[in-house]
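This document opens with one chain alone, in structure tokens, the form predicted on its own.
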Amino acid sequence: MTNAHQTSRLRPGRPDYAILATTLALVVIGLIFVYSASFAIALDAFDDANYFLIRQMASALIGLAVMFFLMRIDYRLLRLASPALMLFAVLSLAAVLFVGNDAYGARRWISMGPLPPFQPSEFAKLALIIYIAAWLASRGRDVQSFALGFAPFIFLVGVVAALILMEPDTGTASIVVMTTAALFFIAGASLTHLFALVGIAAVTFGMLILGGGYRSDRIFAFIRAEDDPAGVGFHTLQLLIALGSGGIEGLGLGVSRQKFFYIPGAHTDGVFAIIGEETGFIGAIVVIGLFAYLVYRGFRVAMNSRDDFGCYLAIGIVSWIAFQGLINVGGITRSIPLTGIPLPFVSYGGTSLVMLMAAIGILLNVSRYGKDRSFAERPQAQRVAPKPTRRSNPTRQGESPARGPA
């Protein structure tokens, strides 16, 4: 890759429209199924069937504005802003522990007056990706050093993950660790350090599970849900019933039965089960295919990036989306324990949708500077070639004609 000063001589080209179209398709699918999955809950709780749809649409519009803004500015400015973004993320994660709203046994949101609640952990994901990308781009080969690479990395990621675990939110902490570990690996970290990171993460999450509480209940529901179908295993089994009811073609749009108070959070982390119930295996595969295509295009942007910072930004954003989608779908299909994290772009959640669309805006920005874009390079020095002049025939002046090399 070229250095940043070489990249600065490039005028941006067109963004990757395939990424933009795929993102918008997922957002539209999300709006459709947020309404389908939530209208009964909204009517019962707020006497307004459109309650969640209106808020999700408002978040989508804000997300669009943020996405197009970040798509237009130079993404390298984020490198300068990364310390401030990281500081705000850490302070907001600490603040939510003291002034956050309690809901479902967790404290993850901060009320902002008439505005929708703000979820600091969603902002922290993007802020940490930007900061780690900038930090790794400045490390070079020092990333393989214990003192200059591994130790600072563990400290940075550990602080953010620990604050998120205190909410508690194990699923989001897992995504943070996996996404940053992927960046650390791509940047050329030592395999010994990577194995040590995996070991630290495994021991930490093992201790959390053995500590009891909701984490151990989810492990039990994953392994032996049928032993307690009306208690701990209820959520897992209802999700599977929804997917099984859909069959190949689905029951029809809006015809889901499990959304009528059988699946907790049907419009949030359980929305994929409603998609499977109403559109069947075909609809579920289409959604998964859109995510796979988005990830593929995102990695192409990373591979075509002209500087390390842009490459790490793209990989971090794509890894975040990929890991979060895999964990959500894996939990709903009982491939892994449930974690309660939303499906990117599709599940209800204002902060999550805005931050994800902001990340896509950055990814589109990086794509505008890629090697496969149509750029016009600015030369370091403008050299004006002299205009060709008419030369008289040297034979007329008694000169011997010039000979080329023999």
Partner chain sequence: MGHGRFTWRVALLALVLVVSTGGIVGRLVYVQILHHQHYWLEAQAEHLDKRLVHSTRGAILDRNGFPLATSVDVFDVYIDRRAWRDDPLLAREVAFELAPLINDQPEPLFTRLLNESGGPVELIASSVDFSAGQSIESLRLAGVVVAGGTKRYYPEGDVASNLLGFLGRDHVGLAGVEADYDDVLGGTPGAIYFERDGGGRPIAFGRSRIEPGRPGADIRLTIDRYIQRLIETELDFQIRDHQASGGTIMVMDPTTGAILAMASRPSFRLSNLSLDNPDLNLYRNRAVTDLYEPGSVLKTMTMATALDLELVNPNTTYYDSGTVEKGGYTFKNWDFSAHGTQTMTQLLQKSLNTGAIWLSDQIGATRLYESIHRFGFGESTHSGLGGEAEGLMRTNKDSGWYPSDLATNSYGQGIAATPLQVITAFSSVINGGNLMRPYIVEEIDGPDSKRIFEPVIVRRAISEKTSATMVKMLNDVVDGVPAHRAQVKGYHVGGKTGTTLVSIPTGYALDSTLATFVGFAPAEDPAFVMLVKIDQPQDDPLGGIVAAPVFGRLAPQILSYLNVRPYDQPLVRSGQ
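Quick caveat: nothing in here was measured; it's all calculated off a predicted structure. Positions refer to the first chain, counted from 1.
One more form of this protein should be noted, the form predicted in complex with its partner chain, which is absent from this view; the next part is about it.
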- Task: Considering its partner chain in the predicted complex, find the one stretch among 134-142, 196-204, 325-333, 79-87 with heavy atoms no farther than 4.5 Å from it.
- Result: 325-333
- Item | Heavy atom of residue 186 within 4.5 Å of its partner chain in the predicted complex | yes
- Item | Partner contact for residue 315 in the predicted complex: its partner chain, 4.5 angstroms, heavy atom | yes
- Classify residue 158 as contacting or not contacting its partner chain in the predicted complex by the rule of any non-hydrogen atom within 4.5 angstroms, answering yes or no. no
- Message: Please determine whether residue 302 contacts its partner chain in the predicted complex, using a 4.5 Å cut-off between heavy atoms.
- Response: yes
- Message: By the heavy atom within 4.5 Å rule, which residue out of 208, 241, 232, 290 makes contact with its partner chain in the predicted complex?
- Response: 241
- Query: Among 319, 119, 174, 268, which has at least one heavy atom within 4.5 Å of its partner chain in the predicted complex?
  - Reply: 319
- Query: Mind listing which residues of 280-316 have a heavy atom within 4.5 Å of its partner chain in the predicted complex?
  - Reply: 280, 281, 284, 285, 288, 295, 299, 300, 302, 303, 304, 305, 306, 307, 308, 311, 315
